[in-house]
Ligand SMILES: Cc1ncc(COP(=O)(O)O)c(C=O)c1O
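Below sits a lone chain in structure tokens, taken as the form predicted alone.
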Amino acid sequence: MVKRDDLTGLALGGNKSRLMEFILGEAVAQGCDVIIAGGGGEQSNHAVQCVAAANKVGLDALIVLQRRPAARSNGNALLHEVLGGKTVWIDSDPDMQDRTSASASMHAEAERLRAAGRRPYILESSLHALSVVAYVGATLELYGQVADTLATPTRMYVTSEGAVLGGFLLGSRLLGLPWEVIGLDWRPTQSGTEGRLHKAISAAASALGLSNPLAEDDIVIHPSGGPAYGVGSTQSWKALSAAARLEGLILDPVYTAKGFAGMFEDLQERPPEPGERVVFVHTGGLGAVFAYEAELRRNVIKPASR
């Protein structure tokens, strides 16, 4: 089964819409008039969703993005401009090794805006307690959707090493749901990832008035993100092709194609029992598809036409 969390309504959709409902709710409650967010590269789906959500609630958005070699101006980058997002480009982490590498620049921009009389809200990373809470809610939604099916899934796969994975892990444990939650990486796994996520899960549980029932060892992330952020692998191009040609399902090259490939690898290593069902959470990022025309022609379209 596929949970279509790409179909969330804002700017071609994507999982960040769920997060922004909670983040912007806090920003509005605090009287802020501009959100400072981003941290990723030019094809960041997070950046697009931040701008789209801010537009929806009447806030301005200032997005801080890493300047990467051979950056692509179409795809999500083009959507970002169509939505009217203002961008500050930085060079602190072009290889996307550190989620919080843009923090200093975000705070500097916030000081500049405060001096001009603005009231900024800073979202240093999508790995945020409220983002985890949002996906506790998504866990409830998904369980309600599968509860009446003939076979409740025993495994859930999600392209995430952050808040989305954390929310599904926390929600599933709190509700005692009968499935294993497996994160799938979209870049080579960074040292300390599980520890950072466990800390965010604890903060989310505290926000819900609960203690964290998960240990750091409960966090499972399949290493599907090579060779680098935004660079497809042989496996991910095959996964993208298979989803499109067999199911009419479009994956994006940066995130979900890598996750789908990681799911295939895990299912090969641990074949499901006859009749067992699994669910893949499609987290979106579809705008990035249009930035990868050359790679898609080389790795997907031409091989299929031979």
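All values derive from a computational prediction rather than experimental measurement. Just count from 1 along the sequence shown to find any residue number.
One more form of this protein, predicted in complex with the named molecule, exists but is not displayed; see below.
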query: In the predicted complex, segment of 231-239, 83-91, 163-171, 111-119 with a heavy atom within 4.5 Å of the named molecule; finding: 163-171
query: Residue contact check: S126 to the named molecule in the predicted complex, 4.5 Å heavy atom; finding: yes
query: Partner contact for Y157 in the predicted complex: the named molecule, 4.5 angstroms, heavy atom; finding: no
query: In the predicted complex, N45 touching the named molecule (heavy atom, 4.5 Å); finding: yes
query: Contacts with the named molecule in the predicted complex, stretch 15-33 (heavy atom within 4.5 Å); finding: N15, K16
